[in-house]
Structures are given as structure tokens and as C-alpha cells.
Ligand code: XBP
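There is one chain below, alone, in C-alpha cells, taken in the form predicted on its own.
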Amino acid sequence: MNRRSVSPRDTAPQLRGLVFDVDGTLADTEEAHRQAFNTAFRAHGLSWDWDRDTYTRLLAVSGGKERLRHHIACSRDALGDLDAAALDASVNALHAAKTAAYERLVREGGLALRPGVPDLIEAAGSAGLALAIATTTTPANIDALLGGTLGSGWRSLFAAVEDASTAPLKKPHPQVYLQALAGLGLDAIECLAFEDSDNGLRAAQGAGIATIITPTAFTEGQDFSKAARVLPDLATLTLDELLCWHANAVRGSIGTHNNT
């Protein structure tokens, strides 16, 4: 599909695509990630222990490896004295151990998708809406979660999957959302994004996509004042509501309505 520009004189664009973040949005995964980091630290003989308050603060940094580097820099840990190559190797090893621990937790704990997510994915697909993923997590983490919840053929549900392997610039940079739009072949004004964090909201907005927020316990205190909607979850959300919210967002974006 060719991308097209929209002017106030055009017919109002229709909702054609939904773009989903993964961690915290499709499933409440952050506690499992926190536990997996601590398992990796113990396996490498480190005394670090990220409690919930510490991990909540670290979530301001997008990306697991970036989070590790930030912790090392701020804690003035001995790892910070390593040269660049040795530090890279240590961070990579820690992150690989964390990813393996997370995959085990997902398999053993059977993480479920958040309320309303499976129904929305099914309804949107049946209605002909294109679906995409825009996340800063790794392909292995996505596959562990969605393979266990949507089945081994989960990729067939999404027309575009953009993640840490394809978008090196982490949220709040909009790169991953811009790539998702390119993969869908849609304009931002034809889509809605789903996020759980301020970083995610800023990334989606940076790509021009109106955003619905479903916070978790780790993100509920963040600033979501610029979201199209803030919901506790998607349990009661209908496609008719989405179409209405999208229409309001479109009217605001083309200057005929300023309140989404």
C-alpha cells in the first residue's frame, strides 16, 4: 500500500492499523523481567539485587542492555572500570543470562496476556485491521511470551514486527514506530498505538500516532496527559470505541477538533 499525505480537505482517514508495545502492554511482564535480571546477577557472582523500587526507576531507561549500563555507571560498580570491549562482553553475557532466565520464567509461570488483549487482536484481525508490534525488547523475549500465549504461529497475526534487533534507537526515540508504520505501509494518522509507559507514549507520539495507555503497577505514576485515552486495561474495549477515539484524534490532528 502506498503511503499518502492527508490535508484538511481530504476525507478523514479511517482506522487501518493497530500497533502494540509488548512488555507491560500485551502482558504484565516487568516483574518477570526483574526476577530474571536478579537470577542473572546471582549466576555471575554479583551482589546486585534490583528490588521493585529500583527496577521501577530503571524502567525510565529503555532496553535491557541499556538498563545494565546505566546501573553500572550510576552505582560506580567495578565493572565500570573495564575497558570498552570488556564492558561490552560483560553486559552481553549478563543480558544473555537474563534472557534465558526470563524464557524459563515464562515457560514455568505461564504469563497470560492482559485482560482484553486476545479479544482485541481477534476482533481487529476479523475487521481487517492490520496489526504490528513496536517494542524495544528482544526477539527471543517476544517469541517466549507470544508463542506461549498466542501459539507458535503468532507471527502470522502481525503484518510487521519491529524490536530491539531492528530498531537500535530505543524509546522514547520514535524509530521503532516509524519502522512499524513503514512495515504496515500506513500513515500515522491511520493508526492507533497501545502503550503502558511514558517512554512508549513519547515514542508513538514522535511518530505521529495517537496512543492508548494501559499502565501497570510499574508505570502508573507516569505522565500520560498527552494520551488519547488512559484505561486500566482493555477488558471492556470495543472496536466501535476505538473507531470513535480514532476519529476524534484525526479531527484534532487536522485542526478541526482539539480534544481527543
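This is a predicted model, so every value here is computed, not measured. A residue's number is simply how far along the shown sequence it sits, counting from 1.
From this point on, the text means the form predicted in complex with this ligand, which you will not see here.
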### Message
Quick check on Pro215: any heavy atom within 4.5 Å of this ligand in the predicted complex?
### Response
no
### Message
So, Arg67 and this ligand: in the predicted complex, are they within 4.5 Å at any heavy atom pair?
### Response
yes
### Task
With heavy atoms only and a cut-off of 4.5 Å, decide whether Trp48 touches this ligand in the predicted complex.
no
### Query
Would Val22 count as touching this ligand in the predicted complex under a 4.5 Å heavy atom rule?
yes
### Interface segment, criterion being heavy atoms within 4.5 Å of this ligand in the predicted complex, picked from 205-213, 224-232, 40-48, 59-67
59-67
### Message
Given a 4.5 Å distance limit between heavy atoms, list every residue of 185-206 close to this ligand in the predicted complex, or none if there are none.
### Response
Asp196
